[in-house]
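As structure tokens, one chain now follows by itself in the form predicted alone.
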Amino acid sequence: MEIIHVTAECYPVAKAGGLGDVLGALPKYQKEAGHIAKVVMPMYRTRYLYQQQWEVVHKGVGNLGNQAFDYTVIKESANKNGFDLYLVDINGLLDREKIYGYSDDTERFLSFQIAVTDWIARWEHRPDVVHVHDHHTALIPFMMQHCFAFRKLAGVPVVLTIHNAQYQGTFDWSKSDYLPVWDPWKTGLLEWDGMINPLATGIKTAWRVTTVSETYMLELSRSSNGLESLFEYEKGKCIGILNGIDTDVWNPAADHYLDTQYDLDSVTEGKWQIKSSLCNTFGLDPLKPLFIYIGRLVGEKAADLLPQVIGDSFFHIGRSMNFLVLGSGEPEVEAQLEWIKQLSWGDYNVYIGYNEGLSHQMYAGADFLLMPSRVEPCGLNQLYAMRYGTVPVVRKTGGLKDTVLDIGEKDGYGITFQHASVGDITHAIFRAVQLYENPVRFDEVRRRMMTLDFSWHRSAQSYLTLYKSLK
């Protein structure tokens, strides 16, 4: 089976969040299962681009409205990531360092989708499945079925995976002529709430729609940024498939980011050495339990609550724990997290920005990971943490609910709470401190979660089963 993944992100080429991690792993596991897995993404000007060898496989011309553009498709020669990787270059639109955040993102990702669809339409054969991810690629199923230039692809199954339904790529009808000429009887497939909504269009036109956990799929019909009724209407073709993690990349026994590597037999000593080094770097006390937060500093992740949570924890529980935050996002949240450093008694610090190596060290050296998310479609951080023996402290939502079992339950291995509120989070931290102060039980919980299997093997097979059902 030949599977074409079309995405805006793929680790290690370019990553802004969990989407990049998924696309860096899922195709590899599908190829290991004996299938042809290809990833197609924009050719951003990232460091990875200049470190690899590439070959040109296609040159073409597309149209964004009445403006023609040239595009080039290149392929990584060495297949270093375990799958075929293709980059699409469009000068003036995709030749930038950042993935998102430009005023012309609508034009950038529309041109990318047009180029990809045009390229696949020129193949002498047809792929078995085109798998598109999030709104940046969600217009592809519409173009394959209803744009006259690409109708030869109408019979190719398309799967849309929604990694986060809060972001939908909506744009005004004044830009509708950017799309290749389509069947005017199908205009309603593009419209949602008076705008062109790529994610809504993808939900309507993809053969199957998946999300990254079963609970998140159920939540979307109740909370999906305006698409609730659409998810309810289309629920017959929707399914939740839990993400996995790449256990080759996330392996404390072989992680090249760690000075001290460890496994189940050496976890206590290994984590202590890494924790000591980490605390020394950030001026923290290694004898106290270390709570970490890693991720975007945005409301969706409830990061705006962190400053008060940290302050209230110190006030109500006592200064018996450390907090270390790694992330970037909303400027006011960043500023508040920086400001409370002056209140630290050697028990709080923050690193504003993104640092892949530091994140690995934090997963390995920490005792607890905080994830108080208001919205969490799947969550990968809690899976990384458990792989490294770090207890997740999470809100029961989306994939967090599906993957973390509270220590109050039989064979539990995490700490969960119901609401994204300061009170609930602080109480969960109190429970975590109590667990830490019981070394025998803490070690038992740590070892239990390190034996759990959240690899991509099972999830990759679920996708393959879904693809086969479309034939």
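Since this is a predicted model, take the numbers as computed values, not measurements. Counting begins at 1, following the sequence as shown.
Not on display, but discussed next: the form predicted together with a small molecule.
Student: So, Gly353 and the small molecule: in the model of the complex, are they within 4.5 Å at any heavy atom pair?
Tutor: Gly353 belongs to the contact set for the small molecule.
Student: Can you tell me if Lys15 lies within 4.5 angstroms of the small molecule in the model of the complex, counting non-hydrogen atoms only?
Tutor: Although the small molecule is absent here, Lys15 would touch it in the model of the complex, with heavy atoms inside 4.5 Å.
Student: Would Asn381 show up as a contact with the small molecule in the model of the complex if we use heavy atoms at 4.5 Å?
Tutor: Yes - in the model of the complex, heavy atoms of Asn381 and the small molecule come within 4.5 Å of each other.
Student: Answer for Ile317 alone: is it within 4.5 Å of the small molecule in the model of the complex, judged on heavy atom distances?
Tutor: Although the small molecule is absent here, Ile317 would stay clear of it in the model of the complex, with no heavy atoms inside 4.5 Å.
Student: Identify whether the small molecule in the model of the complex is within 4.5 Å of every residue in the set His5, Met41 and Phe109, based on non-hydrogen atoms.
Tutor: Contact check failed for every one of His5, Met41 and Phe109.
Student: Exactly one residue in Ile90, Ile340, Leu326, Ile74 has a non-hydrogen atom within 4.5 Å of the small molecule in the model of the complex; which is it?
Tutor: Filtering the options by heavy-atom distance leaves Leu326.
Student: Just one of Arg208, Lys401, Arg296, Lys288 has a heavy atom within 4.5 Å of the small molecule in the model of the complex. Which one?
Tutor: The residue from Arg208, Lys401, Arg296, Lys288 that makes the contact is Arg296.
Student: Specify the contacting stretch among 194-202, 356-364, 178-186, 231-239, defined as having any heavy atom within 4.5 Å of the small molecule in the model of the complex.
Tutor: This holds for exactly one stretch, 356-364.
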